[in-house]
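Single chain ahead, by itself, as structure tokens, in the form predicted alone.
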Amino acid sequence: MIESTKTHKDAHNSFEEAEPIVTYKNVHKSFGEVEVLKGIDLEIKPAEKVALIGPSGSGKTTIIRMLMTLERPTSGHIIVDGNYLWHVEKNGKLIPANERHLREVRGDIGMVFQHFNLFPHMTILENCMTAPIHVQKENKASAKQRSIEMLEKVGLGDKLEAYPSQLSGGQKQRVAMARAS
């Protein structure tokens, strides 16, 4: 058995001192005349678990869609791992990011949707390999190895050749988590 030599207090202090992996700074989002987000400030540190709760229409999905680069904030900044998400620095000023920058940042962000959207005609291994090969231009052997590792990590190493229709809802969710990793 391996045990940490740090006390709970030490671990708590180092967590508090960690740089945030995601930061929202005064983020606003409007849809037409309706302002959905009004100056959101949020920091998420590495390994921190965050739940967004609130009534329908309160902006939970919009917050996540902006992080996933599916919605552009009206104003404010989102910083991921020390890099501006929607902006780039040029001559000491922040300017709107181009599509190339957004594509690069998207490669480091994963999301599991409420509906898993697995391709029914592909095995779960193929489902996990598709994005790295076609979007990130990863070679097939590397994508396969990484996908196998992720599927094993979520307890599905024995189901690599199974199709989504052969899996339970929980197993499909774990495939989606492996695919997002």
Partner chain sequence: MKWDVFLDAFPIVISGIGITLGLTIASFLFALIFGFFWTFTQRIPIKPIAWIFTWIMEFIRSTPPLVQLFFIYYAYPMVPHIGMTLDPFTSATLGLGIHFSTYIGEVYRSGIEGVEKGQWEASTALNFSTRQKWTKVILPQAIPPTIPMIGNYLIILFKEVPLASTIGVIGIMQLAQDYGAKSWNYLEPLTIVAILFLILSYPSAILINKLEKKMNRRFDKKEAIKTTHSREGAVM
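Since this is a predicted model, take the numbers as computed values, not measurements. Between two forms, the rigid core is defined as the largest C-alpha subset superposing within 1.5 Å. Residue numbers count along the first chain shown, from 1.
Absent from the display: the form predicted together with its partner chain. The rest refers to it.
Of the candidate stretches 138 to 146, 41 to 49, 117 to 125, 151 to 159, only 117 to 125 has residues whose heavy atoms lie within 4.5 Å of its partner chain in the model of the complex.
Here is the short version: of Thr130, Ser30, Ser58, Asn26, the single residue with a heavy atom within 4.5 Å of its partner chain in the model of the complex is Thr130.
Interface membership of Ile79, defined by any non-hydrogen atom within 4.5 Å of its partner chain in the model of the complex, is ruled out.
Contact between Val88 and its partner chain in the model of the complex is not found at the 4.5 Å heavy atom cutoff. Contact between Leu70 and its partner chain in the model of the complex is found at the 4.5 Å heavy atom cutoff. Proximity of Arg174 to its partner chain in the model of the complex falls outside the 4.5 Å heavy atom cutoff. Here Leu125 counts as shifted, since its C-alpha moves by at least 2 Å between the shown form and the other one after the core is aligned. Relative to the superposed rigid core, the position of the CA of Lys25 differs between the shown form and the other one by less than 2 Å.
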